[in-house]
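The chain below stands alone, shown as structure tokens; this is the form predicted alone.
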Amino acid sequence: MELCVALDLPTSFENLELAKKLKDKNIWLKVGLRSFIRDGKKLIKDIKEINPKFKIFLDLKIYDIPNTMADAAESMANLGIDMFNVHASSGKTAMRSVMERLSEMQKPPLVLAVTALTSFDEKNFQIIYGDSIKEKVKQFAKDAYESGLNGVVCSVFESALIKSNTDDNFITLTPGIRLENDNLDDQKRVASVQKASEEKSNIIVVGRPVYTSVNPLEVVEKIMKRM
């Protein structure tokens, strides 16, 4: 299991200061929508200058028509990132278009498909998707697997289910990881590091417990010990 720390702070300076505190750790760093819209490709460059070995996950959750998604995928890959994501609900044609475009590159980034956002509870998910989280996530994961993607973004609670319906090597990245007594904030389906390990999660994403701490390095070290 690997750790991914979310760089979701209000300014580029704060995100880079956090990265500097963690520069000696072999971890992923997640650049999300707000940070990328605000700071753009310069943020990616600045992170790599702090530690070229940092693996960068660009979390933009791409969703558009197939050709536009393929164009966006190519542009993101050219930023030198290591992984990005698309929405599985964009469909097989779009996901295959992305993978076909990236196949032309010598060293393409990993591509994951978002199944169900961890902010959803069962009731609100059904209103939008017309089925249970479990059933729809299973379908989305199969679609992504059959489209040639490397894995999915899902909650801890669907990780083992997804692997049993795809392959043990199909990556599951799980947000919503919390430590004891942490505030759940806007996440509904959260879990502990131990639970993530039990459910065969490959990469866990931790945000607020790290970046709101007075000692983020200590929190990261604590998480890595539990992994």
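In this text the structure is predicted, and so the values were computed from the model without any measurement. For every residue, the number given is its place in the sequence shown, counted from 1.
FYI, the form predicted together with cytidine-5'-monophosphate isn't displayed, but the following is about it.
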item	value
Triplet 41, 69 and 101 all within 4.5 Å of cytidine-5'-monophosphate in the model of the complex via a heavy atom	no
Heavy atom contact within 4.5 Å of cytidine-5'-monophosphate in the model of the complex, the stretch among 114 to 122, 73 to 81, 101 to 109, 138 to 146	114 to 122
cytidine-5'-monophosphate contact in the model of the complex: residue 2, any heavy atom under 4.5 Å	no
Contact label in the model of the complex: residue 208 to cytidine-5'-monophosphate, heavy atom within 4.5 Å	yes
4.5 Å heavy atom contact, residue 195 and cytidine-5'-monophosphate in the model of the complex	no
Contact test in the model of the complex: residue 88 vs cytidine-5'-monophosphate, heavy atoms, 4.5 Å	no
Contact set, 58 to 83 vs cytidine-5'-monophosphate in the model of the complex - heavy atom within 4.5 angstroms	59, 61
